[in-house]
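Shown next as structure tokens: one chain only, the form predicted on its own.
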């Protein structure tokens, strides 16, 4: 199942690395990543799409603990479609 997370984070050099590290450590596969600087240039809007059969709260609870994360919202979930 794919999950889409909308994240607002402080624009620091290591914020993306931390996000991806937690995602990998928790066993979620990266399906998409979009980064956009916000108007104030001190924060980023991040759309993170992950794929896993695990419950998404296992990842979101860990991402909330990162000090660079200002806001985290679960935007949606969709079943992964296999194509041959």
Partner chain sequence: MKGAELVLQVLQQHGVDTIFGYPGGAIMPIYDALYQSEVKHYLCRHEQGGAFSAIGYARASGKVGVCMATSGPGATNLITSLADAMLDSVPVVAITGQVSQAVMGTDAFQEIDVLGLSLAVTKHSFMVRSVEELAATLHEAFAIAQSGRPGPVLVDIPKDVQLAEIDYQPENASTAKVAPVNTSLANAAKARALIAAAKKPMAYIGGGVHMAGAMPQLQQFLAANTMPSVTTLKAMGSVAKDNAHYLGMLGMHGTQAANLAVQQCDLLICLGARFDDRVTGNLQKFAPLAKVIHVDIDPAEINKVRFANVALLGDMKQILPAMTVGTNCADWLDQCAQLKQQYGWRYDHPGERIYAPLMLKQLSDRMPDNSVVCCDVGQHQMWVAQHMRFSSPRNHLSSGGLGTMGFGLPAAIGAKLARSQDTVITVSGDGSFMMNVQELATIKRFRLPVKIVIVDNQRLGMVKQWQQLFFNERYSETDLSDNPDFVALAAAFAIPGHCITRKDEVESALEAMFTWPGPYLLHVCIDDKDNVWPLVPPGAANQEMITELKA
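Predicted, not measured: the structure shown is a model, and the values here were computed from it. Positions refer to the first chain, counted from 1.
This next part talks about the form predicted in complex with the partner chain, which is not shown.
- The partner chain in the predicted complex comes within 4.5 Å of a heavy atom belonging to residue 14.
- In the predicted complex, at least one heavy atom of residue 62 sits within 4.5 Å of a heavy atom of the partner chain.
- Heavy atoms of residue 70 never reach within 4.5 Å of the partner chain in the predicted complex, leaving it off the interface.
- Under a 4.5 angstroms non-hydrogen atom cutoff, the partner chain in the predicted complex lacks residue 42 among its neighbouring residues.
- Each of 18, 21 and 58 is positioned with at least one heavy atom within 4.5 Å of the partner chain in the predicted complex.
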